[in-house]
Structure formats: C-alpha cells, structure tokens
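There is one chain below, alone, in structure tokens, taken in the form predicted alone.
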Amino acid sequence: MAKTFDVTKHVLVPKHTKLSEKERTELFEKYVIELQNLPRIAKNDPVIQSLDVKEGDIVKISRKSATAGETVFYRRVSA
C-alpha cells in the first residue's frame, strides 16, 4: 500500500486559506481592484485541493519572511 503525501504539511509550502465573501469584498474595496486583476492559481493545484474551492474563489497565501515577518498574497482560482 502506497503512502500519500500531504503537500500542505511540507515546510516550504506557505499557508493557503479560502476567503469568505466578506473578506473578498474588503479586499476589493481596500485595493480598488476586481477579480481579473488578481494572479491565478489552478483549481487542480495540490495545495488547494482540501480548501473546497471553485473557479472564481480567492485564496490568501501567507508566507513567513525573515525580513518582513509575514507577507500576504492573493490568487484567484481558475480552471
């Protein structure tokens, strides 16, 4: 029996979370952007498989940084 590897547990993979509708609205208002302005992440990306995302959802990526503490990036889910 083959073991499966949970990529989200790897030390080099940053935290990924799906934004709620409220967080999504706040993001658009804060940065005065629209969905198509965000970079894409593929719906079949192994890191977001457990997030139950669909096309058009937004994923927040939080990376730890030695100099900045934490940096946050946003991606829109695409096909």
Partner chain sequence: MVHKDLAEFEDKLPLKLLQEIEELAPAAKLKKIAKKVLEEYEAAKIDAGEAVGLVSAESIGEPGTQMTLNTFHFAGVAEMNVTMGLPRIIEILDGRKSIKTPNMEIYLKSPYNKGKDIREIALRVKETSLGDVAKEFSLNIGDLTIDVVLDEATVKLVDATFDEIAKAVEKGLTGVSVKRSGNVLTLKLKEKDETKGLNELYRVKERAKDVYVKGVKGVTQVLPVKRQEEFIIITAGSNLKKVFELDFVDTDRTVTNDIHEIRDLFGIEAARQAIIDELFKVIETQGLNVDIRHIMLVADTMTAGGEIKGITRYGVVSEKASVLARASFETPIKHVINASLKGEVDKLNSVVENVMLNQTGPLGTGLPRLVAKREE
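The structure presented is a predicted model; accordingly, all values stated were derived computationally and were not measured. Positions refer to the first chain, counted from 1.
Here the subject shifts to the form predicted in complex with the partner chain, a form of this protein not shown in this document.
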Partner contact for Gly56 in the predicted complex: the partner chain, 4.5 angstroms, heavy atom
no
Any non-hydrogen atom of Ser65 within 4.5 angstroms of the partner chain in the predicted complex
yes
In the predicted complex, does Glu70 have a heavy atom within 4.5 Å of the partner chain?
yes
With a 4.5 Å heavy atom cut-off, would you call Lys22 a contact of the partner chain in the predicted complex?
no
Even though the chain is shown alone, can you say which residues of 35-65 have a heavy atom within 4.5 Å of the partner chain in the predicted complex?
Pro39, Arg40, Ile41, Ala42, Asn44, Asp45, Pro46, Val47, Ile61, Arg63, Lys64, Ser65
